[in-house]
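A single chain, nothing else alongside it, follows as structure tokens in the form predicted alone.
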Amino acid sequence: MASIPPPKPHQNKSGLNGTTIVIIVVVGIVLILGGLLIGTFTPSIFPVQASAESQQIDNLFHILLVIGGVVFLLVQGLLVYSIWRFRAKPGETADGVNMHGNTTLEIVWTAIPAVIVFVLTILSWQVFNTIMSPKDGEMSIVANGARFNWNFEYEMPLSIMGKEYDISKLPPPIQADLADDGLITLTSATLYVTKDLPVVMQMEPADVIHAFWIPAFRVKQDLIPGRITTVRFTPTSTGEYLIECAELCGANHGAMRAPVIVVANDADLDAALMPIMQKMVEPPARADLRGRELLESNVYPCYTCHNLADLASANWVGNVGPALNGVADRAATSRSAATGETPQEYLYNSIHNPTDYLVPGYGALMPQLGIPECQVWDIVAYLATQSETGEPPFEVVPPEQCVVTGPPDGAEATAEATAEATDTVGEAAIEQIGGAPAEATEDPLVVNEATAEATSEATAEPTAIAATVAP
């Protein structure tokens, strides 16, 4: 007599019994809860939110984390389950069952990701459009990236100095700049922005691809040779933050950083930029002092590649290019003999046309930095002092339009006003970033008394010129 098979568990139309459905529901709930936990706790390790864009981007990323957490737990869970459930039993040597052709499963795992990607695309497009759309009253700043340094250009009125100037007595380059649009172009190694004021950055590299990235602002944009790219952000918290290059650009890529300081209002912004403008409109009479100030400001990437003991306090410790210690002696002897140029021509061309002559052992890494003509001659005059004796071994004669007779009348009063305003902004910035000492933060807003005193002495006697270096 044939045996009667045991009754099958109750199944619904889909072929799944009640136990299986319960297991699927429970697993689904666990996956969703796990994704929510990942999406909730992971952002706690992110940098502080310091811009309006950071809030929007973090909200979008939270959704991505939740979905990604669910998918991660699902895939890893199925992997662990499959390893345990379908493992080879003791004594089994045959091949496993050949299983294929589950149409329902294929439809499900194709449709669900397609819906997720479509939704994320819409959300991402909305966030991108909101971030990149022009804002009312936004401030335009130019960012220049070069291996391995950032600098930032501002167009500011002479009125931020808080006094009247006789334009005809200002340095010729400043007169030409003012005649163009009534504004002066300032270049800073630190990015200064104002809280709650929208900013648009116009960016272009001098050499290779770089990536402008402020983690606290959640903005990142590539700088592409031959193109001007833009990025927009609105700072929401005062303090000091960090700009990094997020694109591998060479040997010192990791050192391509710059501070961004968010000040409270427009008055603080003017006070922060005032010392830079003062050096431009009230420069020392001596070209070598102007050149030293320029290189010490690190607005150009020279310090990231070259070593110069005289500027060690300004972080001139690069090792990609040749050291500049004693460069004046070499320019007057071996370099002049090798190039057939005068020493001043050699130094000038090394800055303006750096690949025309390569120092033995070094490649063609230095880009054309586009340094203004008169600034190049100031740098040449300073480099001419880098000799064994400390005295220039040759004469540097700049073009007539680059000759500066000294600061205009009233410089002393302006210097005092600038120092007072700078001290005020510096103290506020230190308080905003937690009271860190100036030496630790290298805050450019803190006045260097020694430099101020030396500059004051130099400008007090505008006719004092080095014996062998023409102004």
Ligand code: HEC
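This one's a predicted model, so the numbers in the text were calculated from it and none came from an experiment. Start at 1 with the first residue shown and count on from there.
Absent from the display: the form predicted in complex with the ligand. The rest refers to it.
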Between 198, 162, 372, 354, only one gets a heavy atom within 4.5 angstroms of the ligand in the predicted bound form; which residue is that? 354
Considering non-hydrogen atoms and a 4.5 Å limit, which listed residue (271, 261, 347, 396) is close to the ligand in the predicted bound form? 347
Any of the heavy atoms of residue 367 lying within 4.5 Å of the ligand in the predicted bound form? yes
Considering only heavy atoms, tell me if residue 383 and the ligand come within 4.5 Å of each other in the predicted bound form. yes
Check residue 340 for me: does it contact the ligand in the predicted bound form (non-hydrogen atoms, 4.5 angstroms)? no
Given that the partner is absent here, does residue 209 sit within 4.5 Å of the ligand in the predicted bound form, heavy atoms only? no
Check all three, 327, 335 and 358, heavy atom within 4.5 Å of the ligand in the predicted bound form: yes
Location of the ligand contact in the predicted bound form, chosen stretch of 95 to 103, 141 to 149, 126 to 134, 187 to 195 [non-hydrogen atom, 4.5 Å]: 141 to 149
For 311 to 329: residues with a non-hydrogen atom within 4.5 angstroms of the ligand in the predicted bound form? 320, 321, 322, 324, 327
